[in-house]
Ligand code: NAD
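The chain below stands alone and is given in structure tokens; this is the form predicted alone.
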Amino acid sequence: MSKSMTIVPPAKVAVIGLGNMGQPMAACLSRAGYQVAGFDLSADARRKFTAAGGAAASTAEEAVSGAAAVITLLPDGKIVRAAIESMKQHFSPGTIIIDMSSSAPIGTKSLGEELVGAGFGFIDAPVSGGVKRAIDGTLAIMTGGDTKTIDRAEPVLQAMGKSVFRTGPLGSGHAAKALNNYVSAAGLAAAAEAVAIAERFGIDPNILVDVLNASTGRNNSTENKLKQFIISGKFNSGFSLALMAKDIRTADDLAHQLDVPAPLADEVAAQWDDALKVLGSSADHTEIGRYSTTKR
């Protein structure tokens, strides 16, 4: 396959990682006409993917063999690197690896340079929008890497997202994603604390949310998380507290690596790290609302 060829259906696309986001994103690719081969170390995840109409490979090597693009949706950059190292001998010449995980930007840059040097394409393309937008294919995708490589991969990205942002060089997509989640988490923590204070004072939490959403305190969390997951006590948004804490720490670490003073990021990262210790790794990220009312 020519390195300049755009990846369009019915090209084969491998999706490595079939979790809460991977499964619906792979389904979007299938609906767009791509030949999708999915793989996950979890046999249960593979079974669910097959039951939903997907084609699950029995090994990662089988999934990537002959694929024009290989998408990784894994927990962190270290796992991405290990997975790619184990698979790359099975990549076709000119294959584009698209890391859609939430990886550390500096590590992404290093990995990408190695893969490009070996003759493959590589871009980082993390997403924002959660499971709901993964299902309907309207994710926001932040893409870092060589412009020509992104051009080739853009039809694949557009099958999963409504907005594709070109953020700059390798690693910039992951940097943008981590910074977005830091800002989101800071807003959520502030909103959850405000609700707890209001309720203690005797204000109906739902009324406070209405006030915030009609005023300058409005943000994504006040609109889409407080009533829906925190005040309701459901705490089932589908995005874990552990992953949010990791992304915030990634943003804070990046600030330190770049020697940029970020005292608020330091505080927010420490708060979410402590919430993870208090609430446990299985907690949903909206359970920061419980943390706000937990005496420590």
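Just so we're clear, the structure is a prediction, and the values are computed from it rather than from any experiment. One rule holds for the numbers: they count along the sequence shown, beginning at 1.
We do not show the form predicted in complex with this ligand, though everything after this point is about it.
* Asked: Is it the case that 189, 269 and 282 all touch this ligand in the model of the complex, with a non-hydrogen atom of each within 4.5 angstroms?
  -> Answer is no for this spot.
* To do: Could you confirm whether residue 45 comes within 4.5 Å of this ligand in the model of the complex, counting heavy atoms only?
  => Close contact exists here: in the model of the complex, residue 45 approaches this ligand to within 4.5 Å, heavy atoms only.
* Please run the contact check for residue 66 against this ligand in the model of the complex: heavy atoms, 4.5 angstroms, yes or no? => Result no; residue 66 lies far from this ligand in the model of the complex.
* May I ask you to state whether residue 141 is within 4.5 Å of this ligand in the model of the complex, using heavy atom distances? => No, residue 141 is distant from the partner.
* **residue 239: touches this ligand in the model of the complex, heavy atom cutoff 4.5 angstroms** => Answer yes; at least one heavy atom of residue 239 falls within 4.5 Å of this ligand in the model of the complex.
* To do: Determine which one of 124 to 132, 214 to 222, 165 to 173, 146 to 154 lies within 4.5 Å of this ligand in the model of the complex, judging by heavy atom distances; exactly one does.
  => Stretch with heavy atoms near the partner: 124 to 132.
* Asked: Just one of 107, 205, 75, 94 has a heavy atom within 4.5 Å of this ligand in the model of the complex. Which one?
  -> After the contact test, the surviving option is 75.
* Scan 27 to 62 and write down, in order along the chain, each residue with a heavy atom lying within 4.5 Å of this ligand in the model of the complex. => Those in contact are 39, 40, 41, 42, 45.
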